[in-house]
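Below you'll find only one chain, the form predicted alone, shown as structure tokens.
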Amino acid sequence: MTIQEQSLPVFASDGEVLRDRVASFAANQLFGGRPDLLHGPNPYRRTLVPEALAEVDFDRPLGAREFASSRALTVHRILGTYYESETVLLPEQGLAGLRPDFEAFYGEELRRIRESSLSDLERFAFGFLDGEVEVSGDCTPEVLDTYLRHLVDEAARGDSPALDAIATAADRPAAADTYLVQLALDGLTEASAMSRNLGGAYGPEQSALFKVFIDEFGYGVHESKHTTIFTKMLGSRGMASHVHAYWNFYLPGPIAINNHYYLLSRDHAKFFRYAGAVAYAEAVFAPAFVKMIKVFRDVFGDDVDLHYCDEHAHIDEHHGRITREEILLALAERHGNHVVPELMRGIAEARMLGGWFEDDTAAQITWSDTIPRHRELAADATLDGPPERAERTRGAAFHTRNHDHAVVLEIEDGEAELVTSATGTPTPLAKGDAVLVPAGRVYGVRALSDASSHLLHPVRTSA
């Protein structure tokens, strides 16, 4: 059996039509943003950054190597919003005062746009998966089991680039918070994608998946629900715990892996891929949370509530056994060798996207922790071509973005601050100050004077 890279498939959708529909969706007043760095307790509003959307080439689908690109961040934000509109989001404080936003978010206007463009947007964002790996050779339950065990052992023995970046950071608390922000994307709506695969009738494997699901929901006890204990971990760090408070600081790699589970569970033709992906995820979660506990205890001592991590380190050993034996291998035995390639493909996809989470988060932590060094690097950078100019006014909607290539951000006029993490201290910048922003790194610029402008100089990179 081999799994190897393949060429990208041809994208058959009309890029212009898709761009127009997505732009129409993003132009809704719900998605314009606010001046605050964090989003308020309103799950229907989130910033979709029209200026970044206008730069997206919808004629060329995303590739696997573009996971931290500007296109990936922009498109996965929108795709995630599409998916979440098919879940029930209600603010903890109640709907009073938010009823118009509720009606707009779930209303016919946005629903029609989503329904007319969701499948095309999925193909744009994830079409590469069909050609990224090829499963060949003997595909039997025994080979499937060996493959899963090998990758799980690999993950348990390997390092976590993101946790390693926390351990070596100068500002370890802010670095650890950046990691928590990425977990919050799923942690505050945990198992929502899984719920889509609980309906229908497919035998004992359905009941096994429901056992995992009901564990995630605390067996009907809200205080035991995994989302509830995750909010307590955030609270112990003094962090906000309402859904998408940290929307501006989610990275494209973590958003993509969250969207991947919605993709696999929305399209039931991909059910066997989903089973492979969830078996891999549940098997590697336990050792991953053990590593996280060690790093976070070293950073915070007893000043952080790690019940969520302890729970996952324990329960995911159980879930790993259930998803491997009672779902993954049971499906292979029941339905025959012809479903094994899809099960293996799901494992491979989950492993690949899990790597995106690690690499993207580690890179963001390292850059945000070394801004003084990147101010020095800006002075030595070789600029390549005319700059892009952007203006900010005090009180304007705050948003974050990234770039496909390194740029030098230079303050042209006024005063501003560079924001690179949700809880770290922003970097004040005055006229003439400059910072090197590496490719893929997410940042925001907020005016401190009545008006501020900055230049984005493209940087020439060595061949």
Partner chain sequence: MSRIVVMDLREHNTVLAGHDRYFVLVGPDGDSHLVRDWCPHRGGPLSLSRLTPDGRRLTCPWHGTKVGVAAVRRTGLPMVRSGDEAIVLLPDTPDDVPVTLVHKRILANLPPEDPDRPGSDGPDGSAGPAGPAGTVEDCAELPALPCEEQR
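Positions refer to the first chain, counted from 1. The structure presented is a predicted model; accordingly, all values stated were derived computationally and were not measured.
The discussion below concerns the form predicted together with its partner chain, not included here.
Annotated contact segment (heavy atom within 4.5 Å of its partner chain in the predicted complex): 215 to 223, selected among 70 to 78, 215 to 223, 343 to 351, 166 to 174. A heavy atom within 4.5 Å of its partner chain in the predicted complex is found for exactly one of 311, 298, 145, 153: 311. Checked against its partner chain in the predicted complex, the residues 232, 318, 112, 335 give one hit for a heavy atom within 4.5 Å, which is 318. Its partner chain in the predicted complex is not approached by residue 294, whose heavy atoms all lie more than 4.5 angstroms from it. By the criterion of a heavy atom within 4.5 Å, residue 325 is counted among the residues contacting its partner chain in the predicted complex. Contact check for residue 211: a heavy atom falls within 4.5 Å of its partner chain in the predicted complex.
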